[in-house]
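Form predicted on its own, single chain, as structure tokens, below.
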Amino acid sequence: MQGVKVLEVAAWTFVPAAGAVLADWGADVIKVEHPETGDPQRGLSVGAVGARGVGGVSFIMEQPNRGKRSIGLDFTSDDGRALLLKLAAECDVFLTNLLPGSLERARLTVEDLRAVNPKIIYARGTGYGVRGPEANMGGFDGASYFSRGGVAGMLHDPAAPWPPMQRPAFGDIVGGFAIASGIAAALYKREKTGEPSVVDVSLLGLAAWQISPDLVATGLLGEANLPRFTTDEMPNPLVNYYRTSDDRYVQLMFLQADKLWPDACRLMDKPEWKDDPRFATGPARFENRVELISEMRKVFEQKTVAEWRAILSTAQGVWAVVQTPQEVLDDVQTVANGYMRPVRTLDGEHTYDLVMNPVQFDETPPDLVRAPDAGQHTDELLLELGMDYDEIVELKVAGVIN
């Protein structure tokens, strides 16, 4: 996407994550931040340790904002809005998470942007879509995606007293990638037809896509008949979690259970189970699944996770250990494929890793650049617009920029 210019008027993670993906792919992404407060996520504290690590790096800001240029600009003022429109006139994409009402009040609607740039692609990320009675309701992924979108409900073990809490930006990161994909398709359409598009992605729509098998099944069967199983009674015991002697977990994903049952018996050193009438066929395993799962748990609890890694390395079916974040960082496949990319702090004294977006081109992971400080590129961007330093100083004195 070298040569593509993106103007991002967005905060938090959902929509900025889309800008990060586009920057990974080579686009010039200009992040507009308030000249005094910047992106509100810059001040977010995550847990008792806060959000900052080595070298003062804010991990919650870095991942969705790497590779961008930041301008500190108050577009609610007349001068600030005029500058924003000047920037928009030179951009291919306008990317925002402002709600429809806010965009109207700021006079930054599709029509406003197209008046200065008829070919601009207009991309919006929202909580609940741009139509309907709640289009102006704000949203975060924990509410709009995880809870209202049904994801928490489908992940909730019926035996657990509470639904699970999502991890930071759990839906936002995936949602940003969906927006970036939509923008890529819109750029392709414009290249072929000359016509720009309006791209919309909502967290609620993302959640519906995420649990689409359950939603389709509910529509066909009714919610009361939606299949739900706990780990004690999984319909295929060869698709389940099993605890090891050192309190780790192994996930078996032997979907072709009839084909893989003899190999599973070999791995568990239970050759007598192969022809046991309780377990020998798929219907028998389903009928006796609670008993079989209980017996398999006893087998897995006899060995450590390291021992099971060695045993399962010869398995015909698919399996994985439930890994910790550190194990993912150190995973040989993570390292071999360059899924973590090093960047340097602004002072150059420290190096830390960011996660590459999941798409690689030509088998080459891209080099990444740290997220900008708030307003770091204001002067640079305004000079590119043809302004001189006297004009820039006047705007700074007026509080329009920083």
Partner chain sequence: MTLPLEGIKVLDFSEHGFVPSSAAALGDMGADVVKLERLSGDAGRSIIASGMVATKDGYDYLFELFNRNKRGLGLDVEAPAGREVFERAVKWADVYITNQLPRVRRKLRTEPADLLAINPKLVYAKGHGQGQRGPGAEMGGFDGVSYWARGGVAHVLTEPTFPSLVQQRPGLGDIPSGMFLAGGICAGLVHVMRTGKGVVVDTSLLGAAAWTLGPDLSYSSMTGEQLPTRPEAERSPLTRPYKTADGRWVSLMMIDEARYWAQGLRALGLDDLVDAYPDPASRQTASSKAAVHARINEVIGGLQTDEVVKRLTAHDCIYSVFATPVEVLDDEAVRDNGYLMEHPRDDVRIAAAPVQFDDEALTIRRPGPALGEHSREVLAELGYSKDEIGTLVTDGVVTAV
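Numbering follows the first chain given and starts at 1. Quick caveat, the model's predicted, so the values are computed rather than measured.
This protein has a second form, the form predicted in complex with the partner chain, left out of what is shown; the following refers to that one.
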Quiz item: So which of Val290, Ala82, Leu155, Ala310 gets a non-hydrogen atom within 4.5 Å of the partner chain in the predicted complex?
Solution: Leu155
Practice problem: Would you check, heavy atoms only and a 4.5 Å threshold, whether Asn337 touches the partner chain in the predicted complex? | Solution: yes
Quiz item: Contact between Arg124 and the partner chain in the predicted complex at 4.5 Å, heavy atoms?
Solution: yes
Quiz item: Closest heavy atom of Thr244 to the partner chain in the predicted complex, within 4.5 Å or not?
Solution: no
Quiz item: Taking heavy atoms only, is Thr96 within 4.5 angstroms of the partner chain in the predicted complex?
Solution: no
Quiz prompt | Proximity to the partner chain in the predicted complex (heavy atom, within 4.5 Å), stretch among 245-253, 70-78, 275-283, 83-91 | solution = 245-253
Self-check item: Candidate spot Glu134, Ala217 and Ala320, all three touching the partner chain in the predicted complex (heavy atom, 4.5 Å)
Solution: yes
Exercise. Check each residue of 307-332 against the partner chain in the predicted complex and list those with a heavy atom within 4.5 Å, in sequence order.
Key: Val318, Trp319, Ala320, Val321, Val322, Gln323, Thr324, Pro325, Gln326, Val328, Leu329, Asp331, Val332
